[in-house]
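Take a look at this one chain, the form predicted on its own, written out in structure tokens.
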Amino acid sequence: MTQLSSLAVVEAHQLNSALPSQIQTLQKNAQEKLSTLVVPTRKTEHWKYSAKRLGDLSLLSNNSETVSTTAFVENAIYIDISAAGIDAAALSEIEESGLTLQAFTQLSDEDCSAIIELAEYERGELEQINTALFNDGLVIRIAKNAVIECPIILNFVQDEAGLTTPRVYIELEQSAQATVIENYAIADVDGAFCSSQTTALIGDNAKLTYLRQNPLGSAFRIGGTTRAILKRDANFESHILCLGSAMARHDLHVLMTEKGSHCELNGVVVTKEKQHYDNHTEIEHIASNCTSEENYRCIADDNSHIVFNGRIYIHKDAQKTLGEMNNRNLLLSNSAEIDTKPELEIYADDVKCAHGATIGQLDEKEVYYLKTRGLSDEQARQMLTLGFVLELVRAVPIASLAEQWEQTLSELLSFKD
């Protein structure tokens, strides 16, 4: 068994001396735990389909390549985060009522307490790597009753090979509202690996709308964990719009800790060629009278591979729970593969839960019907394929991003020879 502590990238890492002492202690403890953390293999159940794609994590090469960030969105707050860290001076120039932005290096010891406390929820391999190796982090705080109308767009820019570990902490106080978009712009080169960590604490009656989008690639690897902790009557709405790469994985964990909270998870994933994307979602109903809806749709073409593992876990005190999960999958070639595993684990008796999953190919009768109405074979197949995911794409609350993704998918899912 290979242990992460033996990797050169871990041994070479130096703690950022500008970080508060509590954060440095957190990192030191995480690095010590790496000595017992084994690199996942196919025998690791939750890495069964992705372990072989992790590659060599000792990423020390330096092959530069320019990458672009997200397309322009009107009236948005843009924050660029690169491998070099976070520009604290640039953060101080952003003025928005009710919004506070800080780099970890700017935090007082008192400010660090919430970050330290929420780190106790971490349990995945990607989270442990991020905690041990991040250079700096970003704290986003939304004050009580504040409504941030402008989307906050975080551009994670990696323009060379190597390991980057962006880390974000989001806190919404009572009745606050905000939209946060994570956009990953990664150089498509061998040895580029991004391991991200985002934790959101959503206060009473607050709402966070969260979007995550990553680009198409063939060489880079990206893995990320998003965790949302919901308080009383809190609302978490997630939209995942992602394309494949050499290895892509996203773990999304929602904890509904107090009564009346609600979450809605939507996801669209498309892969081509030899790309790979692994979705792992978990919704924990811990308190009573909470509701959740989950809808993921995936399309795999050529020799690509998509994984969906969705889990709803209902604790014994989570009575009056309503939970629904649906995963629909479309295979566009005989060589593509999609593995789906929806799970329900229920320990309460007064609940309503349902889950379902389908995997199929285009219906040739539907293709034929559209051709009889004057469409070419290419047009008919593209219309059916796009129609499979457009409902979720158009549900994205920012119209310009929804339009961009509709155009991107129209080009990507073209059936031209």
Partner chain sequence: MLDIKDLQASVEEKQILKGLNLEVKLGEVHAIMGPNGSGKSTLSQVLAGNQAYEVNGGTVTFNGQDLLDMSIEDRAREGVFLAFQYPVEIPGVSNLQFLRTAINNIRQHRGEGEINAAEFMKQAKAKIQQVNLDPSFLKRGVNEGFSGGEKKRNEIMQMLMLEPSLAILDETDSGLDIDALRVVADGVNALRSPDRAVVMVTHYQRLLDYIVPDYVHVLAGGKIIKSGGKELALELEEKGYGWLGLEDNAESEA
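Between two forms, the rigid core is the largest collection of C-alphas that superpose within 1.5 Å. Positions refer to the first chain, counted from 1. Note that this is a predicted model, so its numbers are computed, not measured.
If you look for the form predicted in complex with its partner chain, you will not find it shown, but the lines that follow are about it.
In the model of the complex, at least one heavy atom of residue 376 sits within 4.5 Å of a heavy atom of its partner chain. Contact annotation: residue 383 falls within 4.5 Å of its partner chain in the model of the complex, judged by heavy atom distances. Not displayed here, its partner chain is approached by residue 391 to within 4.5 Å at the level of heavy atoms in the model of the complex.
Interface residue remark: residue 370 is counted as part of the site for its partner chain in the model of the complex, having a heavy atom within 4.5 Å. Look at 345-353, 361-369, 24-32, 40-48: in the model of the complex, residues with non-hydrogen atoms within 4.5 angstroms of its partner chain sit in 361-369. Of all the residues from 204-219, none has a non-hydrogen atom no more than 4.5 Å from its partner chain in the model of the complex. After superposing the rigid core, the Cα of residue 371 is displaced by 2 Å or more between the shown form and the other one.
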